[in-house]
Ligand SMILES: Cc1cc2nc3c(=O)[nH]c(=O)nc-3n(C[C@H](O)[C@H](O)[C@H](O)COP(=O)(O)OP(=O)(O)OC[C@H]3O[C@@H](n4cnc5c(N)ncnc54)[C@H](O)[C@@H]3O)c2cc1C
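Next comes just one chain, in structure tokens: the form predicted on its own.
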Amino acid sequence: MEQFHHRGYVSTDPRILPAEGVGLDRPADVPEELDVLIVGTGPAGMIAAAQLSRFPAIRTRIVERMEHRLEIGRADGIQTRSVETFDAFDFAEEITAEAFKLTAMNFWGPDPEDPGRIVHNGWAPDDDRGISEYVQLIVNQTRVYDYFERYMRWSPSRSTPDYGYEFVAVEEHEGEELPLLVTLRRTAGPDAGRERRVRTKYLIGADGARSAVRRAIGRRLVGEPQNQAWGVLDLLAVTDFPDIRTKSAIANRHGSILVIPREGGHLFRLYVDMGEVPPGGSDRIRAMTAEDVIAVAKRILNPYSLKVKEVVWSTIYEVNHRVADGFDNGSERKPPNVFIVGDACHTHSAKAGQGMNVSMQDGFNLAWKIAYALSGLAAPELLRTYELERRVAAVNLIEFDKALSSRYAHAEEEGTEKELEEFYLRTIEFAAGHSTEYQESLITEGPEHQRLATGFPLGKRFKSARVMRRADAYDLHLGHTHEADGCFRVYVFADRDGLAADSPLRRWADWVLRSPESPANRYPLRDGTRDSAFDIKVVYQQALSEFAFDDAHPLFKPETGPYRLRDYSKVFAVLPEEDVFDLRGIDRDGAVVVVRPDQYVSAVLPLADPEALGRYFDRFMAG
């Protein structure tokens, strides 16, 4: 967030945006009429609420059955795709500073001379392929929630979670302006047990694996248990195991362990294989204690010692791989208005570190689409793409987790000690959260023009690269200019002669700026200004010294703020030693790359055909 001080210098934090709309007189309690009601303050619910908080005309509330924020979370692994997402919500640098940075993984297997002992078999860097500019993090999930809640509180709508409410039921009354009648029940305070009804246009169930919202719309989780039990411990302990501060996979004939160092330099987590669960054996597993898990961990760590000083948190769980048979209540007759996200629609093991990460992408994917439908900027048909895109991602996750869990469960077997390491290296891009690839749809273009920017694959997340901002000679990542403000990003990569008066870039920019058919002129998102729905930036092929900021087309120098001041943030030069055109396979005749509000590439278009931009947006926008 770089555009502020529009009315002069203000000494408060510029990230605190002025209150607007519902933020001007926000009711202390959940009002009787809403646009969006979110149930559950898990990762999917919180990111959806944070995204919607940027739309002050939309009445959004997020409720939670607990009477206060979560204090100790179960999830801790933050994949690099999630850190890229945090950058859009303006807290990637802060959370990275406090987190453990995971940069490598060690592999320990049975000693060939004594399979009851472990020996070091090798290690692998976490990312030696340049998958992301960020590193994987380990941090308590409650800190992630804290940052999302701050973002909500500082947004124009001044949103905050409403604790002490649980979802009871939902009725739909088609044809009404607020068709969903939701019953909530107070779970805390002097009025605990009291029920109240709220009318809303949309309902999001982010209420976990036992989702009441999922049951209310007749959806169910489908899949099979893996009959494998794992104990999880967050420990403060003294040990002579040499890799306790590196992510480590350990196995011998006693079982297997996954070591996850935690933030702060001392705390670490152990995922301990507690063996197969026989039919009817769930009660025995649930009766196990942290001491039982520690005893197994000590046997697996042989010949190294483990002296536990404090068990900070512990649990025992059975692995289940399940995906909901539907992610919404839509039908052929009508678009959906009730959705489930996160654990409400997919469950799996924790060892891949995917749960919180995939759930956040569910919420990010859905929230901007709901905002567009509510604003009238897009037809409700856009909402069908949520299940279309995210259910495929969930199924792929389950298949990946089944394969990974099986390798962890059998890592101690003879001849399999290298399989886990090979699988880890082969699937590192998936584990980092970067293999999601949305197929051609209403909002994702076909491959006709992919050759113009081969390094920005359609349907995949926008992989950032460094450029030079021309106005102030600032070297930055282009993707880091993407805010979670609900805007589409249109990155225009100029042709060789882009500065010439008759260049394809000039003709493209003239059309976008002046044509009544231009999407920038047809589809205002908020205040009617061109930048309200589209953030249009240009990258010239020339270096900083070869052109001046004023040489750029007026489209890329818009006026902003109440005084209509010039915006200097949209014109870029290449870095000669790190040319984005070469790094991302961009055609030297130019290209236009369209990126959705949730950071996924949705179109690659020719610069020579400006009307192609209009045809793309006309497919799903309404104006």
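This one's a predicted model, so the numbers in the text were calculated from it and none came from an experiment. Residue positions are given as counts along the sequence shown, with the first one as 1.
There is also a form predicted in complex with the ligand; it is not shown, and the following applies to it.
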With heavy atoms only and a cut-off of 4.5 Å, decide whether D535 touches the ligand in the predicted bound form.
no
The ligand contact in the predicted bound form: Q354, any heavy atom under 4.5 Å:
yes
Verify the contact flag for Q439: yes if a non-hydrogen atom of it lies within 4.5 Å of a non-hydrogen atom of the ligand in the predicted bound form, no if not.
no
Can you check whether R269 is within 4.5 Å of the ligand in the predicted bound form, heavy atom basis?
yes
Determine which one of 159 to 167, 473 to 481, 242 to 250, 498 to 506 lies within 4.5 Å of the ligand in the predicted bound form, judging by heavy atom distances; exactly one does.
159 to 167
May I ask whether N337, T444 and F488 each come within 4.5 Å of the ligand in the predicted bound form, counting any non-hydrogen atom?
no
Would you mind picking the one in E84, D328, D343, E389 that has a heavy atom within 4.5 Å of the ligand in the predicted bound form?
D343
Proximity to the ligand in the predicted bound form, single hit among P597, P56, G42, G590 (heavy atom within 4.5 Å):
G42
Within 321 to 340, the residues having any heavy atom within 4.5 Å of the ligand in the predicted bound form are none
